[in-house]
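To begin, one chain is listed below as structure tokens, in the form predicted on its own.
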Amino acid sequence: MKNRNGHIKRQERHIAMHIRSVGLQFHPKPNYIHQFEMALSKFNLFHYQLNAVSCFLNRQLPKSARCLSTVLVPGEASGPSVKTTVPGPKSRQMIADLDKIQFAGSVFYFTDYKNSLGNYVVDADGNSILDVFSQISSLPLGYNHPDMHKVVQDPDNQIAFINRPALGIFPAQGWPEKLTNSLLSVAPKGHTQVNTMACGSCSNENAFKAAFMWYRNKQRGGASISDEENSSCLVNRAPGSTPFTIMSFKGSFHGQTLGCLTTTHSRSIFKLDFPALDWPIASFPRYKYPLEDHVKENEAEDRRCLAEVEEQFEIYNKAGKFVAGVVVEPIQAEGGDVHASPEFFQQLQRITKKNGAALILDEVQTGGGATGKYWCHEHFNLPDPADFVTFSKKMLTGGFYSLPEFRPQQGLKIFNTWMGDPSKVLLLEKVVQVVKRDNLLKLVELSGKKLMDGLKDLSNRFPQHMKNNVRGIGTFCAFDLTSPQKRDEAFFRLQQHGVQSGPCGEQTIRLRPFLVFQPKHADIFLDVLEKVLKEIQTP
């Protein structure tokens, strides 16, 4: 018993240290671990029975909902199976080993990717966990999807995996066709130009640069670049180095390179100690929920925030710090899954155009199908195509779409060694085919409705723990607990019961399932969440 208690205390210290490192506050009590261990066998049996009932019900669905009952990933687990605490002893040892090499405080657990399948991630200790976080919203088809393996096994494709080119200079033959069949086949309305990049941060950073070039070319009015501009930019001086700015919004997250950090305002840990540029910041709407009960107040909130946008344009343009672009997320994800109305985005586009700036829609997290459309902003019915749409994560490659007028006029301006990765575009080409073949965007809508309905029901039944502000589009859903401490405990308990979710904002849990997430998976998640809400001990 003494050894067991000492083992439990070590587990608690590691879990508490990890939770603090990722911005959570919950400190588990000893009896939590004991309760989890005692409940594991009953819990796994219950979910096996639950899944059997769900499969039976799915067989009764009409043909129009066939994607609900189809086995999308053969061999996928029927439910979570938890054998140890999470992280378990093997993961904790690996974390300790990694920490000798680099800071490892943000690692949740080590993963057995070979045995992970579909919606279930398997950790190093053999725990099979329902993953509704999908590698921070970055895997479209789940783990080890058979169609993805076929892409890698194709000998013709292996050339692209082995010989990564410097795309800006030595693209492989057939590269335009690959872009056409993948990225351009799902391009936002009005877009025929695309540049690939490696990640979300460099996608936004290079969209900013393209906006600056476009704005400066407008100022030149067709004049040639002067010798003074060429020489002064080399020492970071005007006129070659411009005073242009990008406007962003409070609560936003656009990446962790220096330009993107200036436009990021979600958490201090991302920005502390780094220099920032003097660029304008406006308020993003913060709505009252339920939305249908606060229409007038939320319309007023839209007007307040849009008035700030107008004001920031006036202040910075008058000061000669010209606002070349406005960057905005369709949903502020890292900042707490904060939504704004279609009308807000329509008016934001109007104001941006009126002031001669570019609208940059950061769809790094919202793009790729999680909202039931490839691009979240397609829900907003914008009167004109967005000037830029940046992407990464579920699109597997980073990059940005832009309208033709933003095309660089000189080489090496939007450039780096790799300019993305052709192997990721090969995978994306197959993802696009599977999404269409399996009707996955429709599945996202159906599974999202199941999630939203269930979350709203739980918020009504557990008002002492969940706030009445469930929100989402498709499966891109989130809910708030009534305090940051309760959020942290709920996040921890979900992990121990075999569900991987994602914290964000101050007290939000966000859901980022794969596109192969079905209503039966939603049922499992909602059942586990109900169990967790019944167990919460934080006052």
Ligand code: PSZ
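Position 1 is the first residue in the sequence shown; the rest follow in order. Just so it is clear, the structure is predicted and the values come from calculations on it, not from any experiment.
This next part talks about the form predicted in complex with the named molecule, which is not shown.
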| Candidate stretches 392-400, 220-228, 317-325, 123-131, one within 4.5 Å of the named molecule in the predicted complex by heavy atom | 392-400
| Though the named molecule is not shown, can you say which of 387, 205, 329, 337 has a heavy atom within 4.5 Å of it in the predicted complex? | 329
| task | Let me know the one among 415, 287, 110, 270 whose heavy atoms come within 4.5 Å of the named molecule in the predicted complex, would you? | result | 270
| said: Residue-level contact is defined here as any heavy atom of the residue lying within 4.5 Å of the named molecule in the predicted complex; does residue 262 satisfy this criterion? | reply: no
| field | Contact flag, residue 200 vs the named molecule in the predicted complex, heavy atom cut 4.5 Å | value | yes
| query | Could you tell me if residue 345 has a non-hydrogen atom within 4.5 Å of the named molecule in the predicted complex? | reply | no
| Should residue 136 be classed as touching the named molecule in the predicted complex when contacts are defined as heavy atoms within 4.5 Å? | yes
| Within 235-271, the residues that have a heavy atom no more than 4.5 Å from the named molecule in the predicted complex | 253, 254, 255, 256, 270
